[in-house]
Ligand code: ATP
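A lone chain, given as structure tokens: the form predicted alone.
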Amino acid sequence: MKFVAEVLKLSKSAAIRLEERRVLRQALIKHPFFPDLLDAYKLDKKFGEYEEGTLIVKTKDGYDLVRGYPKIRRALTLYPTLIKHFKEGDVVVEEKMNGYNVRIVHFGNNVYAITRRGYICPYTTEKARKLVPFDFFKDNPDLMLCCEAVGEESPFVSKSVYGIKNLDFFVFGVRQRRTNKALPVKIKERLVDEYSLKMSPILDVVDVRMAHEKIIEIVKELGSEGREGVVIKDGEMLKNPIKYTASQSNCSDLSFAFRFFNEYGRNFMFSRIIREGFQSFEFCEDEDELTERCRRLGEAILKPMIDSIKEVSEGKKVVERNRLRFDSLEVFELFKKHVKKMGFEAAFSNPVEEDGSFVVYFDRIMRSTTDKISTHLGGDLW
């Protein structure tokens, strides 16, 4: 705890109080797979200038810190929000890919992958060590790669729309790991090209005064393909980005949330329904388009919830199932400990060897939703 206090410029007693209030939590499972780390803590909430998900580590070489990824605010209307926020000049329209947010960094001689909440994920780290060249960090030791981890074999957000069977990383930002200062988009593009990385697609660069019309076209097309939406950026990254999602993505999120309705907060659900109302208004939808949006929204809310009720009525548990692929059974065992540390109740299939790796099915058991449905099927009042 002394190293945490020193890095955050606190007294040791203040750091201990943060841990007692569960603002600060232990983040490392000590294991040979993490050979450069001796200890690590993460911030579960924003604290002073430090974002949620900030990681403080004790390494063999000393103390270090990786800032959490800043939250990106959302536009409910594109006009006049974009002009009010960016004022003038061009904005970069980048695809917001649908996966999970990962910061890739190095400690000592190895690459590490940190999830949004500040956990060092063994599964994601195993993939990053294969796909992200260490030379990037050797040449740029103070930088972190901010990526979307995307693919069908994802432990958190499994998506087939990108045609990625396993898991891959798409850089959407490059930042100073200790200050969180973002590098301009052009420099990010140069680094991605220089080190043969993949990048979230840049879809257009457009004058902010005309951006809302172009972005409506882009978002409609992305939605029709089952993709998520866009992030709108100032090319110099001096202003905070803004995100905007397609209706189909909102409904996909709602479908997930209502299937596991007792696990997810009402704000998660409510905000996405509100987005649909504002988007329908801004898109000037006719009666047929509005009817289709209402059908899509209603189906996203009701159908998955009814599926969950049916499963519990048949004596089953409500689960989220994902397929994972490990190169090492040792990392698989470590990942099971990691999931437990995150507070998930989970069940794993036995690993099956396939093409030199091990395929596992990971069921996250939604205990709260299962129990809630069970009590009401048994006659309890709401």
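Since the model is a prediction, treat every value here as computed from it, not as a measurement. When you see a residue number, it is the position in the sequence shown, counting from 1.
We do not show the form predicted in complex with the ligand, though everything after this point is about it.
Of the candidate stretches 28-36, 321-329, 42-50, 64-72, only 64-72 contains residues with a heavy atom within 4.5 Å of the ligand in the model of the complex. Proximity of V174 to the ligand in the model of the complex: non-hydrogen atoms within 4.5 Å are absent; the residue sits far from the partner.
In the model of the complex, the ligand lies within 4.5 Å of some heavy atom of R116. Within this chain, V231 lines the site of the ligand in the model of the complex, having a heavy atom no more than 4.5 Å away. At the 4.5 Å threshold, heavy atoms of S200 reach the ligand in the model of the complex.
Not one of H85, D90 and N240 comes within 4.5 Å of the ligand in the model of the complex, counting any heavy atom. Of the residues T81, S158, N101, N140, just one reaches the ligand in the model of the complex with a heavy atom at 4.5 Å or closer; this is N101. Just one of V185, A246, V111, M97 comes within 4.5 Å of the ligand in the model of the complex, counting any heavy atom, and that one is M97.
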